[in-house]
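Single chain ahead, by itself, as structure tokens, in the form predicted alone.
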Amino acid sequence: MRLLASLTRRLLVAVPILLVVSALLFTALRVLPVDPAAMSMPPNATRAEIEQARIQMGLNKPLPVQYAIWLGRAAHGDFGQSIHLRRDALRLVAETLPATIELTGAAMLVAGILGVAGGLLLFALRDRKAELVAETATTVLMSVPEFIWALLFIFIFGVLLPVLPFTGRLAPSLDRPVVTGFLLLDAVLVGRMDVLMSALAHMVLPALALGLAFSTPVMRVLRASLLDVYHEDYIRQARLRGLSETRILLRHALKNAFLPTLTLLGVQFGFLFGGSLLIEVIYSYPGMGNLMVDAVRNADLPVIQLVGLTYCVVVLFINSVVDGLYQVLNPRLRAR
């Protein structure tokens, strides 16, 4: 109940943030040297036809009036039509968003597992000769960006050892079930294990590339948090009671050291969600990243603006959930 109340408050605070972001996006896109009216017309359109289209689209009005018109339509779910694809922009985003959420969620799982396991390993190696080797390895991992991992994984697991697919979201021979739009969930709902396994296989390499690149900060934050926690009085008292080091770590230290790590994971999710754009392009993954690249290439302003807003909404929502969880899990904040 506390989590729901905290989430509701933070989502209400996010409303003015979205308004500011939408205004900035709208202004930035409108000052670009691109004429949406001309791009929406066929190549042989006359100047009079283009001017008539400008009037119909409201582009002849002052910029604040244009934004007010757009905001009024957006409040009713009308975010415009794709100039390039001639389709409703909201429907395009709704079709591609589930793929990006699935990919980012899988990458977050990879980053969390590797980050926690690596952080525990770094902590276990403290004050040992192998600590320097582990620190050097994490530094090397941190210096390699996700697109380099993506290319390396394609070469190793897709070309040199062709064991995993590296293009698309599903094998071409399989029919995609459509229930919720989330391929993994839809495959389970309709009982198509072949679709589920194919979708998971196509997700392995891009999720690894994204997750591995973002796992090293989690390792370092968890290790630093554990080192701080081990100086607390209750750790010394646990030792005096005769508890084993493993139990002290897992039952007492880890749950308190994990709170800063949880906050970092929330921040990392925002970076993962944005970083998925390049990974989707490399792996030809049909998500919002590919949609955004195609929209930028064709100066498709309605789609660019809606994709940008969608990224903002998702990041704000995840950060609100993480902040709410932090308040619930932190004993000091629960007491207030």
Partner chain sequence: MRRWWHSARVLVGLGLAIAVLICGVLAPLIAPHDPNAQDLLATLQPAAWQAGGDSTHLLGTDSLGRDVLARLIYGARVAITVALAASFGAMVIGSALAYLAGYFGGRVDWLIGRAVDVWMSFPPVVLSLILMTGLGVGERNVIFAIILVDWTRFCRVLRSEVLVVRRRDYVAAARLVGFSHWQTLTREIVPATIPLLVTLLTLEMGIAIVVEAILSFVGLGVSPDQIAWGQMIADGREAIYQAPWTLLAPVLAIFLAVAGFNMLGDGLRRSLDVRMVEGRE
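The structure displayed is predicted, hence computed values, not measured ones. Positions refer to the first chain, counted from 1.
The next section is about a form of this same protein that is not shown, the form predicted together with the partner chain.
- Contact with the partner chain in the model of the complex holds for all three of 145, 154 and 304, each having a heavy atom within 4.5 Å.
- Although the partner is absent here, residue 57 is not a contact residue: none of its heavy atoms lies within 4.5 angstroms of the partner chain in the model of the complex.
- At a distance threshold of 4.5 angstroms between non-hydrogen atoms, residue 158 is in contact with the partner chain in the model of the complex.
- Taking the partner from elsewhere, residue 50 is found to have every heavy atom lying beyond 4.5 Å of the partner chain in the model of the complex.
- The partner chain in the model of the complex comes within 4.5 Å of a heavy atom belonging to residue 166.
- Contacts to the partner chain in the model of the complex (heavy atom within 4.5 Å) from stretch 302 to 322: 304, 308, 311, 312, 315, 316.
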